[in-house]
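Before any questions on binding or motion, here is one chain by itself as structure tokens, the form predicted alone.
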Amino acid sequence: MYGALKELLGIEHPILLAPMGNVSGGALAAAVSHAGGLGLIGAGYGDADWLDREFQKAGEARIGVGFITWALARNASLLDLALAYEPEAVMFSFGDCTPFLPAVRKAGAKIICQVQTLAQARGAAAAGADLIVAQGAEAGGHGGTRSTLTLVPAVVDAVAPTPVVAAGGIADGRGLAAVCMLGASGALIGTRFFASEEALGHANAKRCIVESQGDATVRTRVFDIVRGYPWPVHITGRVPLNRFSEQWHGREDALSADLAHQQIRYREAEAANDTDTTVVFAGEAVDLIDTIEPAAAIVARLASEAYRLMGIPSTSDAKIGSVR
């Protein structure tokens, strides 16, 4: 399966940048693509000016874009804006993407659907997704409850021959090799690229990732509550523990009761880039991240480590094109 992404997306390495909102901007997406992967801009909750600006920052790089599907449904014009830049692929996560698929197909972009359950995977395959992302609960940010180790092979079996990439807990070549051995065609990686030079976000947030430990992360709703984002209650976000989550996780009703006051304090903390209060979405793989470095170096290291572990020749033609 190692050649599937090269055939589908025309990329050298089986590495995709997760479209992290307010983190995966145009410069980071372009850097990952120039290094041989596929960069995806994260459209987040939908800011047309921001999205337009980040596409322009990507220049002529072959990149894609990722949407939170339920947020896109509130402002569907963002898809038209993105498609005008002729992205290589459009990724949908968290919601019914079927109303948007005809426009993506007409534009000639590939359709990527991220799923957290087998039922969602089967639905995405039936809808005609070109690529499915099986996201495990180890992932940073929003996700479900299944672990990567068990979800990935189950999705691979359920949707064959549609190719699958894995997400959640992958931050080095060992993780990339492992999910390929489970049948995935590659990996969608977020937290490792958050700790890159090109990623958007304050230096305090990147330092938080480098200094955090996987044992001290939690899946929680408290940051969605205080920020006022209407995520379904069964979808939580993984974060490193900080003062705010330690105070309110498990006390969501109390937070909601004091919401107006807490939102004022939270906005003040955002203005001060105070990561003891504000959210930093990051996954359990923070244990494996101890440097902030260029995205190209991350892609190169992950790819070379994975190829070595899988016994794949290092010449570019053999990396993912001729070994199956």
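From 1 onward, residues are counted along the sequence shown. On a predicted model such as this, the values are computed, not experimentally measured, just so you know.
The following text describes the form predicted in complex with another copy of the chain, which does not appear among the structures shown.
At a distance of at most 4.5 angstroms from another copy of the chain in the predicted complex, none of the three residues Leu78, Pro102 and Arg105 contributes a non-hydrogen atom. Comparing 105-113, 150-158, 185-193, 85-93 against another copy of the chain in the predicted complex, the single stretch with non-hydrogen atoms within 4.5 angstroms of it is 150-158. Taking the partner from the other structure, another copy of the chain in the predicted complex has no heavy atom within 4.5 Å of any heavy atom of Glu54. Another copy of the chain is not drawn, but in the predicted complex it has no heavy atom within 4.5 Å of Gly123.
Using a 4.5 angstroms threshold between heavy atoms, Gly140 stays clear of another copy of the chain in the predicted complex. Contact annotation for Ala269: none of its heavy atoms lies within 4.5 Å of another copy of the chain in the predicted complex. For the candidate set Leu131, Leu72, Cys208, Ala178, a heavy atom within 4.5 Å of another copy of the chain in the predicted complex is found for exactly one residue, namely Ala178. Shown without its partner, the chain has Thr117, Leu118, Ala119 in segment 101-120 as residues with a non-hydrogen atom within 4.5 angstroms of another copy of the chain in the predicted complex.
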